[in-house]
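The chain below stands alone and is given as structure tokens, in the form predicted on its own.
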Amino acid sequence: MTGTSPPLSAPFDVGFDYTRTLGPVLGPFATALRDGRVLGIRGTDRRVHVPVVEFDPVTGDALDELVEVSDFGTVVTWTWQSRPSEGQPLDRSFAWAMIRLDGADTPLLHAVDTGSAEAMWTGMRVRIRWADERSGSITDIACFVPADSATASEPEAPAAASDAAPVTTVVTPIHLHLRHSASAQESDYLRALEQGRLLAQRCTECDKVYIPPRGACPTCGVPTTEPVELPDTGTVTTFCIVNVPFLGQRIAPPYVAAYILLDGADIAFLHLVLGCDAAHVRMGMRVRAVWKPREDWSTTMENIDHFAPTGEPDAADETYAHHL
């Protein structure tokens, strides 16, 4: 049962590097940015779009007429960002602005570095401040600055190597940093894992046993207040064989990710099944948890490295058919 210890809390980071192949329109646009130039694309109505679009926003026709535009432009509208967030173009207050570059008919969104909101206005003439190092992405434009100050003090964009290859792909890192606070029931479950125990909770109305505990029964809607300690043996209810490699994968494919129904539980959870040929894993297979060394245990389900076959006869279908 829930003790007097405070709920657990820990940082939680999620990250993924999104890689995209650019194609015949975005590729030249990115290549030009790397080279310190900006390209637009002419639409079927003769308007020039910046940033480029692959298809006409009105007719849907594929577009291919690229047009070089100026790195000077005019602020169309803007808002002030007084406290920058992680990953934004500047680490100090700045303006987010829609800027129409000379030679373009549509504005692009970017940051303007003026130092204060009082120095910012609609109609302001601005100029690109190029990044010191460019790779072929929109971040090659570090920000915009007032056009008059730019001409006096901003360095020219460094030239790309004459033999540099065209940019054909772009990698966009996406990261989310947050702090997860576990519920009281989840905290008890995690503290039990640190002791090598699997702690579930039972609904007093329908008698179902949930692991990890939910705090409330999703069927009856009542609090689950009765703790239940479960064994580390169970049954494979469903599974898939992972054959596709991906970034951060700790096991070389092929391997099996399976839903395991612990003995005495009414809901299965996802874990790895190792210790046998992936082709031999099947529904109803009996498995047991393989725990990491005791000195590596903490308040995490990762204390169980994986599940492995017990060698027992397969469970009868009716024992897990309602828990798929």
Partner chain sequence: MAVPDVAVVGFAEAPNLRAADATTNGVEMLVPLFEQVLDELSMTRHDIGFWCSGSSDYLAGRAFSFIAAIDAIGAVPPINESHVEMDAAWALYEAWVKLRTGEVDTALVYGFGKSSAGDLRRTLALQLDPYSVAPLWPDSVTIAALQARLGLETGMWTEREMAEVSARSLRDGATNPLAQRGHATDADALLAEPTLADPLRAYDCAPITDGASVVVLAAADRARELRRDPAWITGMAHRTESGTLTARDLTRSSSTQDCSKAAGTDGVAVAELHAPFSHQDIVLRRALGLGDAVSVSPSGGALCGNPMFSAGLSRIGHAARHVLDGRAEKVLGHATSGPALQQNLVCVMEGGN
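Everything numeric in this text was worked out from a predicted model, so none of it was measured. Positions refer to the first chain, counted from 1.
Just so you know, the form predicted in complex with the partner chain exists too; it's not on screen, but the next bit is about it.
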**Prompt:** Is it true that Pro7, Arg20 and Gly215 each have at least one non-hydrogen atom within 4.5 Å of the partner chain in the model of the complex?
**Reply:** yes
**Asked** Is Thr238 close to the partner chain in the model of the complex, meaning a heavy atom pair under 4.5 Å apart or at it?
**Response** no
**Prompt:** At the 4.5 Å heavy atom threshold, is Val242 in contact with the partner chain in the model of the complex?
**Reply:** no
**Request:** Report whether the minimum heavy atom distance between His110 and the partner chain in the model of the complex is within 4.5 Å.
**Result:** yes
**Message:** in the model of the complex, is there a heavy atom of the partner chain that lies within 4.5 Å of any heavy atom of His280, even though the partner is absent here?
**Reply:** no
**Item:** One residue of Val256, Ile260, Leu26, Val38 in contact with the partner chain, assessed in the model of the complex (non-hydrogen atom, 4.5 angstroms)
**Value:** Leu26
**Complete:** Contact with the partner chain in the model of the complex, heavy atom within 4.5 Å, among Val228, Val145, Val170, Ala131 goes to Val170
**Message:** Just to confirm the contact call: exactly one of 194-202, 245-253, 94-102, 230-238 touches the partner chain in the model of the complex at a 4.5 Å heavy atom cutoff, so which is it?
**Reply:** 94-102
**Message:** Using a 4.5 Å heavy atom cutoff, which residues in 172-187 contact the partner chain in the model of the complex? It's fine if the answer is none.
**Reply:** Thr172, Pro173, Ile174, His175, Leu176, His177, Leu178, Arg179, His180, Ser181, Ala182, Ser183, Glu186
